[in-house]
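Quick setup: one chain, the form predicted alone, written in structure tokens, and binding and motion questions come after.
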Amino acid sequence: MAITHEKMIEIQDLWFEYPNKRIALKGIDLHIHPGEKTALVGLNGAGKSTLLLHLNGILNGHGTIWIDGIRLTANTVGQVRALVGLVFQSPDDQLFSPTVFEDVAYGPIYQGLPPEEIEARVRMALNMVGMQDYGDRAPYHLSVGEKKRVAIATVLSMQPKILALDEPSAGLDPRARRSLINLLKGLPHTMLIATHDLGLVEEVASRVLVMSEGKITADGKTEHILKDKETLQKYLL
């Protein structure tokens, strides 16, 4: 199968087995186009997070992954990680610096950018998530919703083409959840969002992939999947 730049993410026959012999991914085939916002839904243990962790080489299964025309290998993993911004379910796994500014600056510093470019990237990213006045704050003093926004800013500062988000609305109160949904709707990035939040899916995603036991069992437009009561009852409820 020919790979073209018209596909931002292309995965072919991806398998992954954990050390305990549990097979978490079973022959995943997937393509996502530039700018497409895709939700990845399914019960716990379906393989959603495992799939996300393959996009930038944190996990390495058997199969082929292309990101924006670059095949993910040991030699290209650095290039690919610059393209994929991975946001973990718990922002505490992503925030570790004394201040918000330093957390958001970490990626650009690692990229070797000059100080003035780092400053510009941080300001841009914090503005994008509505946290421009929080640069001097300590992350551990923030609310969960604020931490989630800063976690997203830490990847936006690296100017990725793809956002891979794992349960972005988990643990948020209704106001913070609404704020997050509005943020994700407004971002132009290609997105793959693993979530149990079907309300978020309905508002943010144009496409839904349903996973069960390491396989994609349904793939379609959001309005079609969410109206398919048989699929919802079998794989999500």
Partner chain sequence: MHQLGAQTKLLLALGYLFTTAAMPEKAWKVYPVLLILIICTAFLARIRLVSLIKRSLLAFPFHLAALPVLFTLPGDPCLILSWSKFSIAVSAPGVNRFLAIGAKMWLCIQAAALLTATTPMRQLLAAVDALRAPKVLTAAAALMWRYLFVISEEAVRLMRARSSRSALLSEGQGGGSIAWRAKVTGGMAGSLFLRSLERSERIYNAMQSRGYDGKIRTLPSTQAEECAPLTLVIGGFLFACLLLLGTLWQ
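Positions refer to the first chain, counted from 1. Keep in mind that what you see is a predicted model, and the values were worked out from it rather than measured.
This protein has a second form, the form predicted together with the partner chain, left out of what is shown; the following refers to that one.
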| item | value |
| --- | --- |
| Partner proximity in the predicted complex: N56 to the partner chain, non-hydrogen atom cutoff 4.5 Å | yes |
| Proximity of R81 to the partner chain in the predicted complex, heavy atoms at 4.5 Å | yes |
| Q159 within 4.5 Å of the partner chain in the predicted complex, heavy atoms | no |
| P115, heavy atom within 4.5 angstroms of the partner chain in the predicted complex | yes |
| The single option of L72, L163, L95, V129 touching the partner chain in the predicted complex, heavy atom within 4.5 Å | L95 |
| Partner contacts for 119 to 139, taking the partner chain in the predicted complex and a 4.5 Å heavy atom cut-off | P139 |
